[in-house]
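Presented below, as structure tokens, is a lone chain in the form predicted alone.
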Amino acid sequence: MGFMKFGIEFVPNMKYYELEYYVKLAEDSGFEYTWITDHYNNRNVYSMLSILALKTNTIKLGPGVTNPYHISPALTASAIATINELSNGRAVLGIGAGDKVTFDRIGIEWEKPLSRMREAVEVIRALHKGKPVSFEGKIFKFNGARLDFKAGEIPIYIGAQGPKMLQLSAELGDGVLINASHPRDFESAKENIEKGLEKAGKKRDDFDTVAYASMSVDKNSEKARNSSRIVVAFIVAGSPDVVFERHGIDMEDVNRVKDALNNAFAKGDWAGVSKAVTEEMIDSFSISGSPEEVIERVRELEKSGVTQVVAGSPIGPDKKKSINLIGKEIIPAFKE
């Protein structure tokens, strides 16, 4: 068993100097990775990563996650290689198939996610080797494309949920990013990860299984749990039924949350959303509570094969305090 690694996720929905402040705080608190989300409606992920690359020293950084639809793999290869150069070799690339809702808004057809992901990752890796790339795929056609500067070795992490994408991520990736906070979800992913590793002849130890979790930490457990309610509501609204079956969550409760969200969008009643979220939803879809409770959950995740835990939104009722708390009390518990 290696040591548990800790990452943190930020949405660039704040000014660059605020993001920089939080990421430096995370670095000083012992986080090893920072993942920055990539959506057209937030600040541009690579602009923000450039600043972070120059203003940090040790933390690994990259998009969590970009996708092979709204940007060509050639540009992704070049962008992340630039971040790698700026950061002296600390870049990591998180890439997933993206989400249909966002693509609908910007007029992109969400088709053939598996083929597109497979081809994109192969092309990006080939470009990073620095040789000319000719590639005749179903989706991408490259004729002697090459990068004119040195990319370096950049680990590629694949965002995955379903069985086929999990297998693909293990086969092609250096790691997998799974949006989940509960050991049950990783127990159910294990088999597909093993299949992919076997296909590629890779060892489990060479592969980083990442719990891309919703986390909320505070000395006061109830305060931590309450601050995760809205995020949990969005996770519930976006989850397929099979996940509710896995966690034994009643569909009536799920529909109550969905109705409350629709109501909140129409009338601004966010208190109603918090109220609709049940305690078991908070347990299933987030890692929320006091440092002791969070440590206990992370240990369970470790047993189910997780090798990196990412503290995703909301992090806690007060981001700064929660990052400090994770650095002082949680990360050290896994370094012995």
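Residue indices: 1-based, along the sequence shown. Only a predicted model underlies this, so the values are computations on that prediction, with no experimental measurement involved.
The discussion below concerns the form predicted in complex with a small molecule, not included here.
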- Message: If we define contact as a non-hydrogen atom of the residue within 4.5 angstroms of the partner, is Val65 a contact of the small molecule in the model of the complex?
- Response: yes
- Does any heavy atom of Tyr212 come within 4.5 Å of a heavy atom of the small molecule in the model of the complex? yes
- May I ask you to state whether Thr37 is within 4.5 Å of the small molecule in the model of the complex, using heavy atom distances? yes
- Heavy atom to heavy atom, is Lys164 within 4.5 Å of the small molecule in the model of the complex? yes
- Message: Under a 4.5 angstroms heavy atom criterion, identify the one residue in Ile230, Leu114, Ile108, Ile71 near the small molecule in the model of the complex.
- Response: Leu114
- Item | Residue (of Ser239, Asn84, Ser78, Asn179) lying close to the small molecule in the model of the complex, criterion heavy atoms within 4.5 Å | Asn179
- Message: Which is the contacting stretch out of 287-295, 57-65, 270-278, 24-32, given heavy atoms within 4.5 Å of the small molecule in the model of the complex?
- Response: 57-65
